[in-house]
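Structure 1 and structure 2 below are two forms of the same protein chain, each written out on its own as structure tokens.
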Structure 1
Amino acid sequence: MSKEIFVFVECKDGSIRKVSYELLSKAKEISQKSSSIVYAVIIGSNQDVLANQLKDFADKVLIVDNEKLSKYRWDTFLSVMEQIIKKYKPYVMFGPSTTTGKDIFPRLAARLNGAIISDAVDVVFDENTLKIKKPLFGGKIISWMKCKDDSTFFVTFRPNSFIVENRSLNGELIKENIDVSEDSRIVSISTEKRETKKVDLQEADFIICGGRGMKGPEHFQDLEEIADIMGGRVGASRAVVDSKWRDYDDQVGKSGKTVSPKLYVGCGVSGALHHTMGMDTSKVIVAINKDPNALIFQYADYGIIDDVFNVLPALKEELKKIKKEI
């Protein structure tokens, strides 16, 4: 295989998301075994500074800079990416399994009649082809897939699946002048954005997640304090979000966000399939539940069978002591 590997670079709040660096690092690892070239594709407005940050991670950086791309819209970004794919005809395009990635990659695959694998967790180059690792049924089945067609195929990966490696490639910057078409039927009336200093849930190394066993929104304060100590983020099950105890932005699961932190702690989480499908690739899973038959224990590396309200105060105090000693 000696074809190009494209990586869609996602930006947020004026910076490149960590998951994009992860994908570029993995793409370069693959390219060294397959004699391929890695392209980073960055789309937006006034992106020169960010594009320069990508030079160390890609052989070539494609830049599409247009005022119409200052904010993400599926129609404008889709128009640009479709034209780029048709021009360069890469072998594969990697992207993040984030809200943006899940929004645009299926549309792009449909437009170009390409195959798509979503929510993958690994990729290897073997027998002159790319093989993609994807968990199914909450991680109960691990599948390996490949694309048999010669046309471009698309893969989205869960954040935290790969390690970021700076290879100091000094990649070439290429500016593409592409017409940006907007869907005239769509008009943006207003945008509301809630300011937060929280770590992005999908990129957090530590997540402590509360389920129905937390009994009420007031009990999530312990989780917030533990997350602050660990520099992580509080997550929530669907039942918690449906009960209006936490915002949807905290929801982990198939209908929320897929996460792969280094450490996931489930507190009073039952382990329903739609939840575990969103966290089964966490590096270490700890479950706290007073029900010894809770499904979450089937996925946990470590389990604590006890009332969560007995465990959390003790855990918080121990973490405080450790932090003071560091």
Structure 2
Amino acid sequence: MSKEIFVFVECKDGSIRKVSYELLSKAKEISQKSSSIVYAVIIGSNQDVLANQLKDFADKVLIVDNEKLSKYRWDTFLSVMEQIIKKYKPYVMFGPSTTTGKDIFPRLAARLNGAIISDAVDVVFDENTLKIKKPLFGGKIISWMKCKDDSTFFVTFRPNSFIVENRSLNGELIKENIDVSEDSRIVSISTEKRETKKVDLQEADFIICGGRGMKGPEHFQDLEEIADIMGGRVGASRAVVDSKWRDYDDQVGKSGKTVSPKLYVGCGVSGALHHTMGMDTSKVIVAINKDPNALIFQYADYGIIDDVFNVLPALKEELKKIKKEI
């Protein structure tokens, strides 16, 4: 059976989300080992420009373009994906473990009675099968799993799990004409977009996270400035969000978002378990805390034991210098 990998491309605010490129890159790497090819699946309305951007990353780009798909809804997108999978019968479909991915992929798997592994962080092709790596219990345990492949199965991955690699594949664009059906039981009344140019917390390469040690919402301004310099994002611990200094949208941790940036800097963050579970897969972790016993030093690669307010101004200056050099 040919082991074609389909990748669901997620778009946001008129552009392709970084996680889609990450998945396509990994899919291609896998497909080279399994002697198969990668399809990017882009669903929406007026997608031509975006579809072209996918050419470098996929062997084939399936485009479903329909006015009814201009806004994401699980029912419309599902009806399309269902038909595509029934037509092409791919080996596996990769998707992002994002708000959208979590909404649609489980239902898609159920509709097609295919196996699904969600929120994975790695995949390898070994012994003629896909082996999928998934953290459990907040990362305390790692499991390697596989799916029965008697029919198309599904795997969703966390953003920031893979590196983006442009292999200049010059993929073929294929337009699919597919009927879109809408579930009339759901009526969209209104949508409110967050007025923000903030980098998505789960996609950020750099996160500077503030905890109780920041002593108040006004001091997060320093963190915002550093995040801007680095093109990253400010995060917050649960204590900070519960105290209403920051929005829930910023929360890193078990009951917030799980993040995996290249560089995580914790400022005045104690490192309680429910927080560290949400960031301990970050590539490099730096902790700044005046308490030498703070738990976070157990999870950090590097630490500065000092009052954050002493350190932050110097940190901002040094990072500004670095960014100028690059």
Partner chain sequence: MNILVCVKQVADTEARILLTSDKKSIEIENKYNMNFFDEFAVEEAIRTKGKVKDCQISVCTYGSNKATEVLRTAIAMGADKAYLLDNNGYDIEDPIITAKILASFAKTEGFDLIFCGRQAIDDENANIGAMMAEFLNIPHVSAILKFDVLDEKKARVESEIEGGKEIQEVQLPALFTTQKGINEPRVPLITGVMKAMKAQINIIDPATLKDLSKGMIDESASKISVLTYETPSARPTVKIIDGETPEQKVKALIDILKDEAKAL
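Between two forms, the rigid core is the largest collection of C-alphas that superpose within 1.5 Å. Quick caveat, the model's predicted, so the values are computed rather than measured. Here, residue number means position along structure 1's sequence, counting from 1.
- Remark: the form predicted on its own is the source of structure 1; structure 2 originates elsewhere.
- Relative to the superposed core, Ile132 shifts its CA atom by less than 2 Å between structure 1 and structure 2.
- Once both forms are fitted on their core, a CA shift of 2 Å or more is seen for Tyr248 between structure 1 and structure 2.
- Comparing the forms between structure 1 and structure 2, the C-alpha position of Met93 differs by less than 2 angstroms, with the core used for superposition.
- With the core fitted, the CA of Tyr264 sits 2.9 Å away from its counterpart between structure 1 and structure 2.
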